[in-house]
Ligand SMILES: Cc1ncc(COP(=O)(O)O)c(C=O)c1O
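Encoded as structure tokens, the following chain is the form predicted on its own, with no partner shown.
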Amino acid sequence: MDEHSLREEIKRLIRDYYELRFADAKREDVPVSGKVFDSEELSAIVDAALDGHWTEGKYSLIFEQKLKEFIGVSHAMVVNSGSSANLLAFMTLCSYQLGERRIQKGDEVITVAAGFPTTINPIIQAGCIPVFCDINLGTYDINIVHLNKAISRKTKAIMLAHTLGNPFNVDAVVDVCKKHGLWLIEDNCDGLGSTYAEKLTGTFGDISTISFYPAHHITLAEGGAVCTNNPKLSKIARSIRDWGRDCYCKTGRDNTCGKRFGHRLGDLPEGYDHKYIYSELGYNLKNTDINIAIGIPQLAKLPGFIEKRKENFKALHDRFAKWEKYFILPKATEQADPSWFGFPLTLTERFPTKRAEFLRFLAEKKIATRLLFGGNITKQPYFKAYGIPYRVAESLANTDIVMNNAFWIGVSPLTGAAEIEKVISAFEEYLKENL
């Protein structure tokens, strides 16, 4: 049996294994999120492993090409997580190659406190000052009035996520950036497939990020990506991702430039091997071909995943309409068509109990919930422990409401009609018993 025939036999066995192990798997819980896959993803993993290359290679090139075509950007590079993507995007804008526009220690960066830590942590790690604006309840996007008031002579950038897949007010945010000459870092980790004014998110910022953690719209097991239409930013980002090296050879290749031993950079001796010349403060943030191979069939399934998320969101919203006096229901930002990551709910004053009591009840019913990430990030233990400096633009009143009273349930493709009925039944039971 030759190699090709043997690979085909392995794929057949993988299909059989998938049918035996996963196809009819039943679950009693209602998850908030999770990976959706079939034998194609398992075959992709094994195929990449059988190549024996394992680190970044041909599958990376294929996936990056398909990803940038889907989103509509000129440059996309895969990294090892969405958090690394945020770090890489921010550090790219700190490069000395950007001259006076570079972000430097002591500069201010506007964001929101009601978000995930790794949207904010790169700002802190670079020695910059996060400036927190409040959010709007229901949409959970940045308060634009507060945003305008947050600008100071030290402001260099705005770094915002599309919360739970709902785009922020892109027009208003972009206008502020243009007016004041600010960078826009668009955290699209929750929003892959969302649109604003009929254009996909991840295309509005100077640089944007995606997460491929299993909870997100598609998965590479672990992974993320940085996207941009700016070739200079792309070159800087790829250098930082690849240890900070000046060399741009693909993994496993040498002397692409034709003068590997013909450079003189920094204070190094002439002819110093270009593979070991570092022009940026870098890291190794690459992913592996074994992980990235999963993304190729996942990306092909993405349009279906997006539609299922929208369908589930609408079904829940329709059913929850009768409970509007107990919950602030989610709503899309004007001009937005979200690929919702979750279905957020904020308890109103008329809700009969505390949030924690209700969430314990839902957990007993095997209905998974999550809070809106860090709530108010300034209240998190590490903020006080490390004495992190920050500034608040106006107040964080709505952020505190979210911290105390908001949570979300799932709309992922793992949720079907039966799961939605289970959710509605549990909510009805609790309200009936406690009102």
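Residue numbers run from 1 along the displayed sequence. Model, not experiment: these values are computed from the prediction.
There is another form of the same protein, the form predicted together with this ligand; it is not shown, and what comes next is about it.
- Though the partner is left out of this view, residue 86 does reach within 4.5 Å of this ligand in the predicted bound form, counting heavy atoms only.
- Proximity of residue 119 to this ligand in the predicted bound form falls within the 4.5 Å heavy atom cutoff.
- Under a 4.5 angstroms non-hydrogen atom cutoff, this ligand in the predicted bound form has residue 223 among its neighbouring residues.
- With a 4.5 Å cutoff on heavy atoms, residue 146 does not count as touching this ligand in the predicted bound form; it lies far away.
- Heavy atoms within 4.5 Å of this ligand in the predicted bound form map, among the stretches 168-176, 126-134, 302-310, 77-85, onto 77-85 alone.
- The single contact residue among 286, 238, 156, 216, judged by any heavy atom lying within 4.5 Å of this ligand in the predicted bound form, is 216.
- The contact with this ligand in the predicted bound form, taken as any heavy atom within 4.5 Å, belongs to 189 out of 294, 93, 112, 189.
- Residue 373 is the only member of 363-388 with a non-hydrogen atom no more than 4.5 angstroms from this ligand in the predicted bound form.
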